[in-house]
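One chain comes next, on its own, written as structure tokens: the form predicted on its own.
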């Protein structure tokens, strides 16, 4: 289904079921609100699924790989060849996302949407749009047609996963230089200072960080007209991986299945998807607080908070694997915990202190 039609047809999650789930969670054998994020997660997932009790046993992380032309400007600490190398490592099962996904009982699918190399690797999904984007410091990163195609690729992968029975999806990416594209997009979307939007990525020295900011400023200044239009911004600055993840969020919202946001780069895609349709946020769960400074701005703009503070900044979808475990715990709580009234405890004795704790 075409992405424009999907944007128009996304529905709000089920608020009456969320209320029902909230009341049920409050009836469980515990002080009100005492399981915090587990309670909030269970309630949100009820609204997505339309059922108070759920299970999300079949989990998948979609990892989109793409190179970025801006790497030639010296904004990354690693050469672009690392993108292709890491794609191979993911599929060999030795990458960070590979081992953490396995520990969480999740599958991964690695999708080439723009790696600047000819890859022939078993298990790789080949949806290459082009051999990497153009250098955004001097020209648009991609055409509008390519931007729309990247979004469509993400939607198509979600529909395929849904047909294969996956119940929850996480977003991941791999692409040397994509923290530069993400910082540019965040700056353009929020009009914030570079100190708030630009970080060290995979590990830049202070001198390289200042150079990265200079390149970002150069790219921003190429245009007299600023825009918050996600498609135009994706065309100017984005990566194919970012576009594909926008498609994942749109597809999940349309199909009404939960989608977990990893860190900074997948968070930018989430922000852009919500610009296309604010209802997409109903289907998103943030995972961890990325160490990139711009992630705090993403939380503030989305008015959402990532529950995990793990000092992580790897990307790849690794934060999603940890959130999957939180979700499993949340489902254990709501599916199996006893209720106050069935265990001779009067609910009237409980004092709700949740508002006092805010």
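These figures come from a predicted structure and were not determined experimentally. Positions refer to the first chain, counted from 1.
Below, we turn to the form predicted together with another copy of the chain, even though it does not appear here.
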> Quick one: does residue 302 come within 4.5 Å of another copy of the chain in the predicted bound form, counting heavy atoms only?
Replying inline: no
>> Using a 4.5 angstroms cut-off on non-hydrogen atoms, would residue 329 count as touching another copy of the chain in the predicted bound form?
In response: yes
>> Under a 4.5 Å heavy atom criterion, is residue 74 part of the interface with another copy of the chain in the predicted bound form?
In response: no
> With the cut-off set at 4.5 Å between non-hydrogen atoms, does residue 11 touch another copy of the chain in the predicted bound form?
Replying inline: no
>> So another copy of the chain isn't shown here. In the predicted bound form, which residue out of 58, 296, 53, 325 has a non-hydrogen atom within 4.5 Å of it?
In response: 325
>> in the predicted bound form, does each of 200, 307 and 318 have a heavy atom within 4.5 Å of another copy of the chain?
In response: yes
> Going by heavy atoms within 4.5 Å, which of 154 to 162, 239 to 247, 85 to 93, 224 to 232 lines up against another copy of the chain in the predicted bound form?
Replying inline: 85 to 93
>> Under the 4.5 Å heavy atom criterion, name the residues of 99 to 132 that approach another copy of the chain in the predicted bound form, in sequence order.
In response: 99, 100, 103
